[in-house]
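As a starting point, one isolated chain is supplied in C-alpha cells, in the form predicted on its own.
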C-alpha cells in the first residue's frame, strides 16, 4: 500500500489520537493476572495490541472487545500453557514484557513474530531473567526470537541495567511479581514508568527512588491484583506526528485532545520548545495513575538544536518525527547517543536519513545518530520508502506536507501496527 501525499499550506484543526500503545500492552497483561473483570477504555486497536489480547486469551483470560473498550476476565494468577505458539507480530514491547511475565509462572510458552521482530536483540532481557532462574531458550541466531520459555518460581535479583530501557525494566518487574524476595533494577537514566504506575495503583509493593525501582515478590504465590476500570490516555508518540507537523509550519494551529502527559513521555515537547515552537498544555487532568490533557501548538520558524544525553531514552520513538522538525528548522540539528535506533523495526538512523535525502535534505549519519542541515526547500516528486517501519511511513507523510509537489510514501500497510486511523486523521485535517 502506498500513499501519495500532497503539500498542505497550513495545518489547522483539533483531533484526538488513539490510546497509548505502551499502556494498552501493559494493561492487557496485568489485567490477565487480576481477579475479576477489568474494563479497558480507549484500548489501542492496532495489530500489535490485538496480538497482546490474543496472547492473554491463550493464557486463560477471557477477552471481549467492544470497539476500543475491552473486557478482560482475569485468571487470578492461574495462567495456563497455551495450546499453540503465540504470535507477537511486529511488537518488541509485547515480546519482552510477555517473556518476563510468563517466566515467573508455571507455564510453557513459545513466542515468535515476523522477520523484523526476529531480527531484534533479546539478550538484554534474557541475561537478567536467567539470573533470576528463568528457563528461556532463544531459538534465533544471536539470542533472538523465537523464545521458548518454561516458567516457574524465580528469585529476585539486584540488576544494574546497562541501558535505560522501559522494556527491560518492565520485563524484570513482571518476572518479579511472583518471585521469592526483592527485585531491584537500577538504570543509567530514567525510562518510561508506566509499569510502576500501574502496579502502584493496584496496591503492589513497588517503590521508585531516583534511578532505582524495587518490587517485593509474592514468594511463589499468585500476586493479588484487583480488577478495575481503566481509561487509557491518547498516545504521545502518535500525537507527536501532528504536533511536529504543525510546529514546523508557520501559521498553523492545532490541538490534540486527551493526550498522555506522563513526564517520561513529554521530552519531545521540551525539544520542540527549545527549537522555538509555541506549545501550551491545557485541561490537565492528574489521574491517579497517568496525567493527560490537551496540547495546542502554533506553527513558527524553528531553529536547530542538540538532541542527546539522558533524555534520549524518553525520546527514542519520537526521533524520526523530530528529524522532520530538524529538516524544517534553520541551522543544524545534531542527534547523538541514539544507537538504540539501529535495532528498532528498522535501522532508523539509516531509514530516517534516506527519508530526508529523498526530499533533498542534507544528512550525515554516525553510529549513534545524525547531523541534519535544515532550512532547505523540501523537494517534491520523490519516493520515500518506509522499509516496513510504521514510524518512518508516518514521519515521511508529515515531511511531504511541506514539499514543493506530491511525494509518494511506499509500504504504508505497516502503520496498522500502531496507528490504524492515521490516514483518516490526515484526510480530516485537510478537509
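Numbering follows the first chain given and starts at 1. Worth saying up front: this structure is predicted, and the values here are computed from it rather than measured.
This next part talks about the form predicted together with a small molecule, which is not shown.
For this session: Find out whether any non-hydrogen atom of residue 192 is located within 4.5 angstroms of the small molecule in the model of the complex, and reply yes or no.
Result: Residue 192: yes, in contact with the small molecule in the model of the complex.
Problem set entry | the small molecule contact in the model of the complex: residue 344, any heavy atom under 4.5 Å | So residue 344 counts as contacting the small molecule.
Exercise. Does residue 164 reach the small molecule in the model of the complex if we count a contact as any heavy atom within 4.5 Å?
Worked result: Yes, contact at 4.5 Å.
Problem set entry | residue 317: touches the small molecule in the model of the complex, heavy atom cutoff 4.5 angstroms | Residue 317: yes, in contact with the small molecule in the model of the complex.
Exercise. Tell me which of 109-117, 352-360, 166-174, 243-251 has residues with heavy atoms within 4.5 angstroms of the small molecule in the model of the complex?
Worked result: Answer to the contact question: 166-174.
Exercise. Of 75, 218, 255, 93, which one comes within 4.5 Å of the small molecule in the model of the complex, counting heavy atoms only?
Worked result: Of the candidates 75, 218, 255, 93, 93 is the one lying within 4.5 Å of the small molecule in the model of the complex.
For this session: May I ask you to choose, among 124, 184, 197, 303, the residue with a heavy atom within 4.5 Å of the small molecule in the model of the complex?
Result: The option sitting close enough to the partner is 124.
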